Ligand SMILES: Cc1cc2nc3c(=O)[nH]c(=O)nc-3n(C[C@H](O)[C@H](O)[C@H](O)COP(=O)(O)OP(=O)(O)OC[C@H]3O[C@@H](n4cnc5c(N)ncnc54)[C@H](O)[C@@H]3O)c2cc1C
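A lone chain, given as structure tokens: the form predicted on its own.
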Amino acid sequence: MNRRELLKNSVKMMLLASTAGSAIAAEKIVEVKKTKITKPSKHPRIVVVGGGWSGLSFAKHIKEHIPHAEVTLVEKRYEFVSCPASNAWLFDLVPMDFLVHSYIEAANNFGYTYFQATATDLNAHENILKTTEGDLHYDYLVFATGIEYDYYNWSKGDEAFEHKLSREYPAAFIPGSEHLTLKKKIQNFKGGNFVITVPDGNYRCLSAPYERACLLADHLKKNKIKGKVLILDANNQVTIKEEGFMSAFNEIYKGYLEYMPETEIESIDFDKKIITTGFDNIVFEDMSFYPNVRATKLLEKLGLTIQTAYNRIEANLNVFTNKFKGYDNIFGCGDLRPMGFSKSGNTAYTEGQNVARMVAEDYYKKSIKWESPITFCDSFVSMYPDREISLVSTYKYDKSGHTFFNGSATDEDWKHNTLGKSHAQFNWAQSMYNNMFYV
């Protein structure tokens, strides 16, 4: 089996598994009920904080494993807006309603409660989560709070500097208003250098900055705008699908896109629009600044984080049980995880499935078994004709190195990518929205 056939079969299996999840989960529930050791409480109260891909997946699948559970999804937003596939929306390849979905509809379809509130504090001794709309009692608590931006490397705590960057030059990797701002920037861009930064470390959606840069360069080229996309990458090379992206940079967008690896920003002069790096001064007309990422300040406030050797704030999880260290009934999943898995939609969704099963195993007094999430990543490198490059990954643990590694099936040939011709990204996204909200 060649690489492309392996990739296509992996994608088909992943999509089949996601749509067949209800039947598989039902079989597991029957088996667990037959072998449980002690009688669990009649109606366990399970609270999940965060209505992103992982939180929505967990809320749906825990009801399949424990149908009688009282499940509450705590989410501060009124509606779900997808970050995956949003690059396509920035360039009018899909309408906004493709990305926006209803929390109420998801809760009604899958039998859990959508509680529109913000989590504020935790009394772990009495199993109480405090929110802006009152206290919630739980038997199991799951945090799926994702990540936040970390500007400290550049701001050194200067709040005015951070506010300037985040409001005027947003990263647009947390869905909502940032995306609207970036789209207006793209529409109004008349020429000059448009800077896109790429942070180091494991940031949200490794391929997305490179995909966005390609689509922006395509926009400049098609509309004959006298401008250039500058990718300021803190890494020494493209971090994912390097062969595919570099071939697109060099073959499709020569003169419209410049890739600058190992570029560390030392300072930014907003008035003169000059970025100073260790090598050069870069004049920019506009910019989308993507900083490093960290666990949310809520988790830090609750004492559920650790500081890594690189001064990054990460969730303090047991990487094999997804339990927060020191707690038997508090779990975490999704982008907040400290493991090196891709911080992306499909990874978060499949991990939500896995953690739902792990909570059910704990509830039924079974041993918790870790399973790898699945990363499916499809990226556009041009709009018309549409060209895509794709990747599928699962993860294993290296005992000697005490770390996780991944094995990838990658189709980086954008000239003959058969997945791209079938609009793999849109088909995948629609399938996942169906799984989270409608099926």
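Predicted model, so just to flag it, every value in this text is computed and none were measured. When you see a residue number, it is the position in the sequence shown, counting from 1.
Keep in mind the form predicted together with the ligand is missing from the figure; the text below concerns it.
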Among the candidate stretches 191-199, 133-141, 260-268, 74-82, which one is within 4.5 Å of the ligand in the model of the complex when only heavy atoms are counted?
74-82
Even though the ligand is not shown here, does it sit in the model of the complex so that 53, 344 and 376 each have a heavy atom within 4.5 Å?
yes
Report whether the minimum heavy atom distance between residue 99 and the ligand in the model of the complex is within 4.5 Å.
no
Examine residue 49 and determine whether its closest non-hydrogen atom to the ligand in the model of the complex is within 4.5 angstroms.
yes
Closest heavy atom of residue 205 to the ligand in the model of the complex, within 4.5 Å or not?
yes
Could you confirm whether residue 355 comes within 4.5 Å of the ligand in the model of the complex, counting heavy atoms only?
no
Partner-free chain; cross-checking the ligand in the model of the complex, the single residue of 338, 146, 170, 291 with a heavy atom within 4.5 Å is 146
Checked 234, 298, 93, 330 for heavy atoms within 4.5 Å of the ligand in the model of the complex; positive is 298
If we check the ligand in the model of the complex, which of the residues in 92-130 reach within 4.5 angstroms of it by a non-hydrogen atom?
103, 117, 118, 119
